[in-house]
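In structure tokens, one chain follows: the form predicted on its own.
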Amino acid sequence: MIGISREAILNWIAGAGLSPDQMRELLREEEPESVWERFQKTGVLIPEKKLAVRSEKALRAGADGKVIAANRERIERLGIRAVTCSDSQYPARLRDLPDAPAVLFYQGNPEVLKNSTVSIVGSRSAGYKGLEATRRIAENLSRAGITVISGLAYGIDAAAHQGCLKGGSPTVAVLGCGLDQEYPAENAPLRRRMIEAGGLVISEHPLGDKPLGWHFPWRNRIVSGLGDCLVLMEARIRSGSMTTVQHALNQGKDVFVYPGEADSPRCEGNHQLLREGAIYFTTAEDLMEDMGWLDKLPDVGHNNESSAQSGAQLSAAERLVMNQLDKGELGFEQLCDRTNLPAAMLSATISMLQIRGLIRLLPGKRYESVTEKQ
């Protein structure tokens, strides 16, 4: 096995154009290294099965010593690793899917997938309000320690990754091309920031695979599969985002739909899904409550000293809310009236105060100050 790495072997297998079923069958029954050794001796990849002519040609061309060496060098230079459906490190959320990818190539830290995860999708040509809402929601989810997953495309995808980075948690991108492709080129700096911040970029495609149109609807089953739930921010009825929703529903995932602008054609998919019973939400807090995550948020207000330290760092909006809740428990509408904060800002402020352990949610969507109880 001198001169070839496991990643280079898997890249060679993935580049042969096998069907997903053939690849899963092969890698579940045999280690990549033994597949390579057997092919070197017999010229056969899957015993007793005839492959398409184009697959046979790709296998022979890819097994050329110079090609293998060049791919190994690129894989090492780019820091690419690989995991198969038979490996213990394979993402647990994907393992039981009937169309699970047989191999995943990745750059970055795969441990981030052990966190709670939310997949966020939407239009590449999203409006300003949709982009701002996406950044806000992703940031607040991130501040709660939740990993945001998206596809690194223009528009909603990029906004979701940006918001997550701002919130301090790692974010994950699933590509529809090989990891050696910088696509879209304008998001290359964002991709580097994601990896530097401890995030993850993954793909089932081998080196050299271009971002072809049909790759993305198929890629979207991984985007939805890696999330504990799916969020749709903005989409037309006929769009890739709506195919992701269908993947999520087939996978048994909860689908949360942001209402968007009532008269915008960019949100027509949102409105159709909401009419059909999708979960309506407007804030990260709504989503976390429905997913049962609010009770698991970090509690930093265990004593007077830590509460005082937190209080010293409050924003103006957070001080307004705390001043009201120090007088007693209040509902959202009461807080809105008494603080004069816009509803969206108040919701984000409440989420941050919960994350910091300074207030808690009571039955009936009422809130109380934790510091008052110290």
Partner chain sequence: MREMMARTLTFGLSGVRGFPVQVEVFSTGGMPGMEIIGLPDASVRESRERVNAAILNSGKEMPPRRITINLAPADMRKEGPSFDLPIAVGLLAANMQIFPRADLDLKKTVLFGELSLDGQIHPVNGALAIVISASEQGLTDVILPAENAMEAACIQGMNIFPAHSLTEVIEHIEGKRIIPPQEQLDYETLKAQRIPSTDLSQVKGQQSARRALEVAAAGGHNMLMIGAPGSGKTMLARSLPGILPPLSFSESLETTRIFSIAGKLTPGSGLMVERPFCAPHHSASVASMVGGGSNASPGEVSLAHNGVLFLDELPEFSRAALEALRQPLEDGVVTVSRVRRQAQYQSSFMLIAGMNPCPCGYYGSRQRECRCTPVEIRRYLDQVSGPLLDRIDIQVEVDTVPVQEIRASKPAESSAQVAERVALARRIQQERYRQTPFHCNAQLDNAGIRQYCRLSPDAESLLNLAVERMNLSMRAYHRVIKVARTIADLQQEEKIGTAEIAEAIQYRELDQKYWRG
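Positions refer to the first chain, counted from 1. Keep in mind that what you see is a predicted model, and the values were worked out from it rather than measured. Take the two forms, superpose them, and find the largest set of C-alpha atoms that agree within 1.5 Å; that set is the rigid core.
Here the subject shifts to the form predicted together with the partner chain, a form of this protein not shown in this document.
Contact with the partner chain in the predicted bound form, judged as any non-hydrogen atom within 4.5 angstroms, is confined among 167-175, 144-152, 282-290, 262-270 to 262-270. Here is the short version: of 37, 31, 333, 64, the single residue with a heavy atom within 4.5 Å of the partner chain in the predicted bound form is 333. Contact here is defined as any heavy atom lying within 4.5 Å of the partner chain in the predicted bound form, and by that definition each of 348, 361 and 367 is a contact residue.
In the predicted bound form, the partner chain sits beyond 4.5 Å of every heavy atom of residue 24.
Looking at residue 11, you'd find every heavy atom of it more than 4.5 angstroms from the partner chain in the predicted bound form.
Contact between residue 196 and the partner chain in the predicted bound form is not found at the 4.5 Å heavy atom cutoff. Though the partner is left out of this view, residue 18 does not reach within 4.5 Å of the partner chain in the predicted bound form, counting heavy atoms only. Once you line up the core between this form and the one not shown, the Cα of residue 352 ends up 2 Å or more from where it was.
Relative to the superposed core, residue 18 shifts its CA atom by less than 2 Å between this form and the one not shown.
With a change of no less than 3 Å, the CA-CA distance between residue 161 and residue 360 is smaller in the predicted bound form than in the form shown.
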